[in-house]
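Form predicted on its own, single chain, as structure tokens, below.
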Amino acid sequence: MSNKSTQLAAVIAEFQDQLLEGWLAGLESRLHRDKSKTIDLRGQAAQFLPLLAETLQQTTSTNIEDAGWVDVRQLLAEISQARVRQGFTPIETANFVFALKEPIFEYLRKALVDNPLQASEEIATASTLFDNLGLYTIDVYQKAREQIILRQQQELLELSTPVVQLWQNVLALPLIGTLDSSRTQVVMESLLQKIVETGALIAIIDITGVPTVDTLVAQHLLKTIAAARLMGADCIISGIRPQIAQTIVHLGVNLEDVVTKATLADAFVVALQRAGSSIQLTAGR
């Protein structure tokens, strides 16, 4: 869209106060769960209107991809990103722009009451402009939400793969849930970093909380064990339940050079022996 609106900027400049009130009324009616009280609608709208008028006056096009619209895009991007954090939906976010259409159209008709043809053309141009601006807010919203989701997933992965030091030279990595490629990478990085920090010789990987072990999970475990060995630490797998043992045998996964134990306690005893330590139990009095 390359045509320029000849009346839109003038209408916004002349009727800015009236447009602001009509716009705010429309915005508040479109927001659910009384979200209008959680944000500064008036401040955002009062900032957007004059910026929109200034942009329309200075640019020769209503194509929002043009360089002249960079300030408008930036403001809408900031508002859209804030809406994501505040729990708004994409439609509620886009309504920040869409709610302005009705009062704008009303004042365009009044300004061009003697020229219905031009009024129709101006309204069509304005409608397309606001549609594009609204779609832009949705696009920014979706990208911002995807970034938040990815960051939360990464944080959950890090929280779900704690590496703890059980004893001098002995680490434990309890795994809970499904072990996929992305999580394996986090597991491997966490374990290797802890090995470097502590100089541990033994790492116990406990899979008691892993619901199923298939070929892919087994391969992920072997990769982690191989990486740990390159760092000078040997690994023991604990939590091998009967059904998991049967599955591993059925899949033909080679774990012959890996020590496996049924429980974390059994693995800990082996780890202590390999680390040159022991625990002596004393009878209670």
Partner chain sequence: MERIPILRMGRLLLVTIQVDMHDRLAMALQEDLTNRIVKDRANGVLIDISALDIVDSFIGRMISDTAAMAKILDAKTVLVGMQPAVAITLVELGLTLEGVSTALNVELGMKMLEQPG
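What we label the rigid core is the largest C-alpha set whose atoms superpose within 1.5 Å from one form to the other. All of these numbers come straight from a predicted model, not from anything done at the bench. Positions refer to the first chain, counted from 1.
Just so it is clear, the following notes concern the form predicted together with its partner chain, a form of the same protein that is not shown.
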Here the chain is shown alone; which of V210, L75, M188, I138 has a heavy atom within 4.5 Å of its partner chain in the model of the complex?
M188
Given that its partner chain is left out here, which of I195, I104, I79, V163 has a heavy atom within 4.5 Å of it in the model of the complex?
I195
Run the contact test on G199, A227 and L230 with a 4.5 Å heavy atom cut-off to its partner chain in the model of the complex and return yes or no.
yes
At the 4.5 Å heavy atom threshold, is K223 in contact with its partner chain in the model of the complex?
yes
Exactly one listed stretch (199-207, 79-87, 145-153, 118-126) reaches within 4.5 angstroms of its partner chain in the model of the complex by non-hydrogen atoms, and it is 199-207
Rigid core superposition, L221 Cα moves 2 angstroms or more between this form and the one not shown
yes
If we fit on the core, is the Cα of L100 displaced 2 Å or more between this form and the one not shown?
no
Comparing between this form and the one not shown on the rigid core: C-alpha of V170 shifted by 2 Å or more?
yes
